[in-house]
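A single chain comes next, written as structure tokens; it is the form predicted alone.
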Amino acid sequence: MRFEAGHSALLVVDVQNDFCPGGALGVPDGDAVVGPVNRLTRHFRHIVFTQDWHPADHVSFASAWGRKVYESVETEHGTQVLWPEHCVQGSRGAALHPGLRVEAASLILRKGMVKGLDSYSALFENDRVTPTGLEGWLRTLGVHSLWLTGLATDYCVRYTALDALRLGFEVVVVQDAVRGVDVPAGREAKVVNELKGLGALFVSSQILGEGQVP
């Protein structure tokens, strides 16, 4: 792997209040990614922050179905896991973590905005065919290497990585800048092995040292 700032992009996936400790769907130790992410932003020219941005009656909410959290239902787009209400448009929970260097962003991409369609990946909605527009933006800039950080390793980071690999991008997952839900226990380790087997690279944020992109 050779790092080229002009052809690489840093993706900061869903580091939002609702996915951090104390949030509606808090990932254990999720806010620990903020420091490594901030250090990494100093190395990249192209930086994307993603946000879940759901309407109040979103298809992924158990309350929208009158069902229990973590049950599954069948929709026209396949099986949908039901979550607590989270990242509702304009809410504090949907806001990016206040410690992030958001001013470094080249693009803030909001996803999961369609009432009847969830979106884990930063590249495609959960029907696996509707693009978010991110691929076109990246191709226009000549980006071929995606460095993934954020929450959660075994959900939105995983789906973003799978789509990126399928599209032919080099995928680098920054291990100390991601955290997983790990439900059921062992899921996160399986996801890491899965992605490694498909060609994703796993590195530490320290691999880029303390420099800054000129």
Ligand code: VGL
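For every residue, the number given is its place in the sequence shown, counted from 1. Please read all numbers here as calculations on a predicted model, not as lab measurements.
Not on display, but discussed next: the form predicted together with pyrazine-2-carboxylic acid.
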| item | value |
| --- | --- |
| Candidate from Ala9, Leu25, Ala200, Val191 lying within 4.5 Å of pyrazine-2-carboxylic acid in the predicted complex - any heavy atom | Leu25 |
| Which of 183-191, 39-47, 153-161, 169-177 lines the interface with pyrazine-2-carboxylic acid in the predicted complex (heavy atom within 4.5 Å) | 153-161 |
| Heavy atom of His86 within 4.5 Å of pyrazine-2-carboxylic acid in the predicted complex | yes |
| is_contact(Asp18, pyrazine-2-carboxylic acid) in the predicted complex, heavy atom dist at most 4.5 Å | no |
| Contact label in the predicted complex: Tyr120 to pyrazine-2-carboxylic acid, heavy atom within 4.5 Å | yes |
| Residues in 41-73 with any heavy atom within 4.5 Å of pyrazine-2-carboxylic acid in the predicted complex | Asp52, His54 |
